[in-house]
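Next up is one chain by itself, shown in structure tokens, the form predicted alone.
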């Protein structure tokens, strides 16, 4: 009876996202951004300061050249740069961080002429995938943190089933391949076979910094720079780990139901 009383007390706890904005989702460190107005030209003439800025990141996500930029695909959200230089770096709490190209994870973003072609090609390919979407999740060598967030998608708060999205154990029943982990050598062939066993059309998500770039441990003898060299990736979801809201945003972007991060459409 305790769960009945708790339900009556708490009411409906399921998020209305994406139909309505959810304030709870904005409480995460979703991604790192360069503070608006921060200009790398201020350090162009000081090699020592440029090197100091780059050294703030343990994964090499900070780039200082003609401008200051951050590669969200390599960022593990440790916060060292924000703590040291809050005038240049800040956390972006908005969970909509998924992009359709790896290059688009570099912020501030530059205009990419090829992005519209990628967007239209994906939309054309997945136009029949609208209801009863099935996801096959593959751990290709993660540290386990992403798995907790993926599992949370099925709890009462996020409840992806309400959107007609389900997880399946068989790749032959799957529409979406959700991959976590760095893409270890031992998982490369199983991941390829899973991809090949899926029927067309299919969508591949690289979920988390490990899957996107290899994360903190790249490079090693056993892993490469993420899963992009193993299977073709359609959607990139940064974060270490990405929150369930970010994962859900990535899934919906892959299905053509939401716009990717930074999109003006």
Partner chain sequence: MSPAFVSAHVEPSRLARSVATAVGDGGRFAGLVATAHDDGSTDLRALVATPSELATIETVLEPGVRGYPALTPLVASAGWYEREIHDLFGIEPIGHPRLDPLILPLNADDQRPRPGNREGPTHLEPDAAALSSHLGGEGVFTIPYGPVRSGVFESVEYLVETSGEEIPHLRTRVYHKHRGLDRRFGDFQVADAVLLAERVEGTASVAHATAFCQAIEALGGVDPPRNALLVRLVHAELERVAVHLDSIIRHTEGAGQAVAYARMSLHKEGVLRLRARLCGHRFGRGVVVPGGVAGPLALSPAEATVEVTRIDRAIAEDGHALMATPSFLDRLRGTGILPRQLAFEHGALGPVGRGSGLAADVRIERSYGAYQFLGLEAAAGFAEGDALARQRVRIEEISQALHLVRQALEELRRSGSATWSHNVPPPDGAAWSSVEAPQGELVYLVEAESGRLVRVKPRSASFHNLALFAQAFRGDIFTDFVFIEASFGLSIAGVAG
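Residue numbers count along the first chain shown, from 1. Remember, it's a predicted structure, so these values are computed and weren't measured experimentally.
There is also a form predicted together with its partner chain; it is not shown, and the following applies to it.
- Contact annotation for the candidate site: 139, 150 and 154 all lie close to its partner chain in the predicted complex (heavy atom within 4.5 Å).
- Think of it this way: in the predicted complex, its partner chain has a heavy atom of just one of 37, 65, 199, 219 within 4.5 Å, and the residue is 219.
- In summary, among the residues 88, 165, 76, 122, the only one with a non-hydrogen atom within 4.5 Å of its partner chain in the predicted complex is 76.
- With its partner chain left out of view, the stretch that reaches within 4.5 Å of it through heavy atoms in the predicted complex is, among 65-73, 28-36, 226-234, 199-207, 28-36.
- Residue 257 falls outside the set of residues with a heavy atom inside 4.5 Å of its partner chain in the predicted complex.
- At the 4.5 Å threshold, heavy atoms of residue 109 stay clear of its partner chain in the predicted complex, well away from it.
- Residue contact with its partner chain in the predicted complex: residue 127 places no heavy atom within 4.5 Å of it.
- A residue is said to contact a partner when one of its heavy atoms sits within 4.5 Å of a partner heavy atom; residue 101 fails this definition for its partner chain in the predicted complex, lying far away.
- Contacts to its partner chain in the predicted complex (heavy atom within 4.5 Å) from stretch 229-244: 240, 241, 244.
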